[in-house]
Structure formats: C-alpha cells, structure tokens
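Below are two forms of the same protein chain, given as structure tokens: structure 1, then structure 2.
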Structure 1
Amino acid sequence: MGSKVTAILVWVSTLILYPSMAAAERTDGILSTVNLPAAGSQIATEMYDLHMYVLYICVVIFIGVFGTMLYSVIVHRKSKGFKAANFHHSTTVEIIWTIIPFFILFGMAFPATQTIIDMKDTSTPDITIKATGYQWQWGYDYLQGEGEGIKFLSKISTPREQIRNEAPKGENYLREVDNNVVVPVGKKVRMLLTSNDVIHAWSVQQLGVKQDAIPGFIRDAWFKADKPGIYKGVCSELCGKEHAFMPIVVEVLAQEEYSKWVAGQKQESAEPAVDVNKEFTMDELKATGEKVYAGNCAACHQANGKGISGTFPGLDGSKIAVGPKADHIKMVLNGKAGSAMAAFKHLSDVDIAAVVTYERNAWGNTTGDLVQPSEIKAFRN
C-alpha cells in the first residue's frame, strides 16, 4: 500500500512543482524545454500569462479534488474496518459544485476574451507581408510599408547529411533557413497567409502567431516584436512528407538596421536582372537546373530522377520529360490539378528553363533539348 501512496504523491508533487519550475524558467530568456518559450511580443506575453493563470487554477482544483479522494482512499477502506455510510444524494451539494466551476470558468474566459479581440485586430499595420506556403518552403512578399516590393523564397538550410545522420547535427538543426523574414522592431506587422498547394500553417510561438495558410483563400494575423532577435517557428499543419522540414525564421532588426536591409535588398533587385532574352548555354542551364532541381523537385522525384514508385513518378525516361518540350514546360508551370504536382509559377523564368533543360538531359534522358528563359516567358502569357 505504501507504494501506491508514494506513487500518487510523486505525481501530485510533479504537478505542483511544474508551474514553479516553468515560472522560474521564464526570466532567463533562453528557450525553455518545459514551458512556453519567453514571449517576444505583447500578445505572446498575454498568451503566456493566460496559460500560467489557467494552469495554476487547474492545479488548485486538482489538488482539492484529489486531496479529498486521496484522503478517502487512505481512510475509508474496508481493511481498516471502515463501515460504509449510505448517503447518495444531496441537491445542495450538487448545485454548489455545478455553480462554482461556472464562476471559475468565467474567471478564465474573461481575460481570454480581451486577448482574443486584440489578437484578431489586424487593422492599421505598419508593414504587410504576404507569406505563401509551398510544398515545402515559404514565399514572402512585402506588400506594403517600408520594404514594399521585396520578394523571396525561404527554405530549410539544414544539410541533408545532418538529417540522414551522416554529419554531426548543428546547433540550429531543423530551425534554420536560407532567407530569414526580416522585420523592424516595434512595428505592427500584418501577415497575409495563403498557400499554393495544401494547407500549411505559419507559426512563430514567441511572437504569438499561428495561422493556417489555406490554398485559394487569404487569412491574416499580426505581431509586433518587442525586441530585436531571431525568432523561430515551424510549419504547423501536416503538409506532406517534408512537413517536418519547413521551418520559419523571423529576424527582428532595430529600425536603422532594417532600413539598411531594405536598401540592400532594393539594390540587389535593382541590379540588372539576368536578361531573360539572353541565350544560355547547355552547361549553364544544366548547372543552374541541377540546383533548382535539388531545391524544389528532388523531395518528390528524387535526386536520381527515379521518383517513388506509386506516389511520385520518375522523370528518368518519363513520357513527359523526353516528349514534346511544351508539355513538359506546362507541367512545371501549371502543375497537375488533383495531384501533388503543384504549379511552380513562382520560380523565375531562368530557373524553370534551367530545371526543364536539366531534366531533359539528366540521368538516362538525352533529348539534347535546350530550353531558353524566353520560351518560358512566352508560355506565361
């Protein structure tokens, strides 16, 4: 019997200890392993506090109820000769324990309501960014405010070897991307979320944002970061095989640095873009194409072009990859409705030309075809 009581005690004490453990964790700012990470925005702080508040109430009720039960279990046992009473009804008691929880719940719902209303208020943003989910990367479009017009794709930068356990895992394993979303501190950033294929979710816990990205629809959310720093998130809706590998990194900069970043980006895009009318050589296209392929297509069609039988067709020897060029280009540009093959319109003309050229001349495919960016441009219109 002693062991039972100890076991129960262990769990009760864990429950009591846990919130205090969690509360202590909050101040030191590092990522917690037992509680919500330190909040990085007003809303996230409210969320954090609400969670602690509700948790404490629950722990108190828990101790009340199970303290009573534990007492009963220890004292009211037959082996101690305890004789059963025979009450089995009391309207008063029952009314009391229906009403009290009602008030407790009211006490929880009240502060939550205020936060919800704030959380949903996406009006008057300083900056609006559209994030588009792709299988499996994020596309960002700065639509309004400082930085308007900036546009880039952002995908995981953890090397495959680390995931495959062929290289030691880095510190930011699975939580690093090639292009961070950069925003200024203390500005209201409105995120518009949509998707190109399946449902994804844009989620950064520390900023208190999680919003599904639904294909064909736009939804929004907002945050205002308290201080500069790096905030990490993950795609939070199952979106296929690489769902685990679709992180989000938000880089919050002080205002001046943000302006510098914007200027840098502007300059980059002002540099004469690669001329779409330029004629590329086979080698140039194949080299670029291989990179584009590895970054966008290999997840499904595999690096060796063999695909995965039953799910993703191989491109090595596929009718489309060695057939007429037009069908191949259309497939990549528009995808195929009702299948996992999404439209890749968001890639640049050069990239698409390169990847198509690559596919037509890689592995066992030897069409010798060269697809120029100008052809892609023609197809777009």
Structure 2
Amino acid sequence: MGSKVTAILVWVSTLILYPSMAAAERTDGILSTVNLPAAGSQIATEMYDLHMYVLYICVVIFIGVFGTMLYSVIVHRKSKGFKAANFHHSTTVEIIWTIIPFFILFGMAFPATQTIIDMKDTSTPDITIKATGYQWQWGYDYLQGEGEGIKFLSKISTPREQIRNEAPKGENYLREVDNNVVVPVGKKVRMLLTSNDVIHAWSVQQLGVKQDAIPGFIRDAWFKADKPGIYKGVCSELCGKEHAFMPIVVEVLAQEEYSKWVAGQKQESAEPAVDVNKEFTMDELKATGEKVYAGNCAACHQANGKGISGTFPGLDGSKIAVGPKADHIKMVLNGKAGSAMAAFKHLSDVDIAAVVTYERNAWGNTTGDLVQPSEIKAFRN
C-alpha cells in the first residue's frame, strides 16, 4: 500500500509542477509537444494563460476530491475497525456543494468571457486580408493597408513524390506553400474568411486564430504578431480528400522588410498582363496546362489521368475530355453540383484555356482541340 501511495503522490506532484515547467519551457523539449505551442500574438498569449489557469483549477479540484477519497479509503478502512456510517439528507451539505461549484465555474467563466470578447474585437485594423478557401488551396486579397490591391493563390509546395513516399520527407513536409501570407510585425491584421465550395477553416494556433470559412458567408478574426517569424497553420475542417494538403503559412516581417515586399508585389502586378486575345500555340498551352493540372487537378484525377476507381473519374478517354469543348470548359469553370468537382473560375483565362487544352490532348486523348484564352473570356461573359 505504501508504494502505491508514493506513486500517486509523485504523479500528483508532477501535475502541480507541470504548468510552471511548461510555461518556462514550452518552446523547447518534450513539454512543447504536449502543451500549446509558444504564443506569437496577444490573443494567443491570453488563450495560453487561460488554458494554464483552468488547468491549475482542475489540478486543485483533482487533489481535493481524490485526496479526500484516498485518505478516507486508507484511514477509515475496515481492517482498522471502522464501521460504515449511515448518512441522511442534509440541506446544509446540498447548499454547500451547489454554492462552491458555482463560484468555481464563475471563476473560470469570467476570464474566459474576457478572452472571447478580445478575440471578437476586429475593430480598427491596420490591415484587412480576405482569405477564400478552395479545394484545396487558399486565395488571399489584401483589401486595406499598405498592401491594398495585392492578391494571390497559396497552395501546398511539398513535392508529390514526398506525398507518394517516392522521396524522403522534407523538413517542412505538408507545412509549406508556394506563397506565404506576409504581414508586418506589431500591426493588427483582420482576416475575412469565406469559401468557394465547402466549409474550410483558417487556423494558425500560434497567432490565436481559428475561424471557419463558410460558402456564402463572411466571418472574421484578427491577430497582431509580437515578433517576426514564420507561423504555420492548417485547414482544420474536413474539407475533402486533400484536407491535409492545404496548409497556411504566415510570414511576419519587420515594417521595412514588409514595405519592400509590398513594393515588389505591386511591381509584379503592374507588369503587362498576358493578352487574352493572343493566339497561343498547342505546345505553349500544353506546357502551361500541365503545370496547372499538376497543381489543381492531379490530386484527384491523378497525374496519368486515370483517376481513382470508385472515387474520382479518370480524364483519359472520358466523355468530358474528348466530348464537346463547351461542356469541358463549363465543367472546369463552374464545377459540378453535388460532386467533389469544384469550380475553378478563380483561375485566369490563360490557365483555364491551357489546362483544358492539355486535358484534351494528353495521355490517350488526341482531339487536337486548341482552346484559346479569348474563348474562355467569351464563355465567362
């Protein structure tokens, strides 16, 4: 019995000491794998402090309840001559065990409510960014602030060879994208969240942000990064087959570096856009289309165009890919209701023309059809 009691006391002592240890070491070592990650914003810090505060209360309750039970079992056991007592109704006891939990819950609810209010205060932002979820990538539009007018798509950049276990996993496996969300340090950033297809969720735990992106609705959240760095997140809703492959990467820069990034982005957008009336050759369209296909379509329809039996149809020899061009363009632009085929109308006219041309002339498909960007523009109108 003595060894069991000692083991229990050691375990309880670990629970008591753990919060302070975790607070000191949450950025390194094994503790960082079992506790919340190091906070990188004011809201994330409030969440962490609330988490530890409630944990302390739970530990105290645990020690009080199970300590009393353990003491009673050991001290008042039958082998020492104690006999069970008969208890009767006590109004006083019932009042006590109602009032005490009430104050405990109030003690937890008050700071929790304060944190929730702070989380919802999206007023007076320095920067506003709209994030739109697509299957399976994010689209970002800078609507307010120094970077107003900047927009881009952000999708996973982990090579497919790593995902298919054909190559060693990289350091940032499934946590890397081709275009980071870039913001300045110390500025309040308001995120407007919506979706183009199914329910997604924009979640970056270190910045204290987690908000669902729902089709047809605009929801918002905010964060203010405390220091420069890379903060990684994920889509935290089960949004389909590629749910695990639409990460979020927020890059926080010093103000001077952020201004340089904004200038570079605006210079790129100021460069002459591709003329949609330009007549492209088959080789040019197929080369571009293959890249667009790899980034947007290969996950479901596979690189070889064979699809996944019983889940995603193949495009090699399909009625869509070798049928009328108009039906093919319509499918890519608008998707198919009630199926996993999402709309890709957010892609440019050139990209859609290229990927349709590629699909109609790749693998065993030999239609010879050439789809020009001008056709896509006319189809949209």
Ligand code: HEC
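From a predicted model like this one, the values you see are computed outputs, not experimental measurements. Here the rigid core means the biggest group of C-alpha atoms that line up within 1.5 Å when the two forms are laid on top of each other. Please note that residue numbering is based on structure 1, beginning with 1 at the start of its sequence.
Taken from the form predicted in complex with heme C (HEC), structure 1 is distinct in origin from structure 2.
With the core held fixed between structure 1 and structure 2, Leu70 has its Cα displaced by at least 2 Å. After superposing the rigid core, the C-alpha of Phe110 moves by less than 2 Å between structure 1 and structure 2. Core-superposed comparison between structure 1 and structure 2: the CA of Thr311 exceeds or equals a 2 Å shift. For His88, the Cα deviation between structure 1 and structure 2 after core superposition amounts to 5.1 Å.
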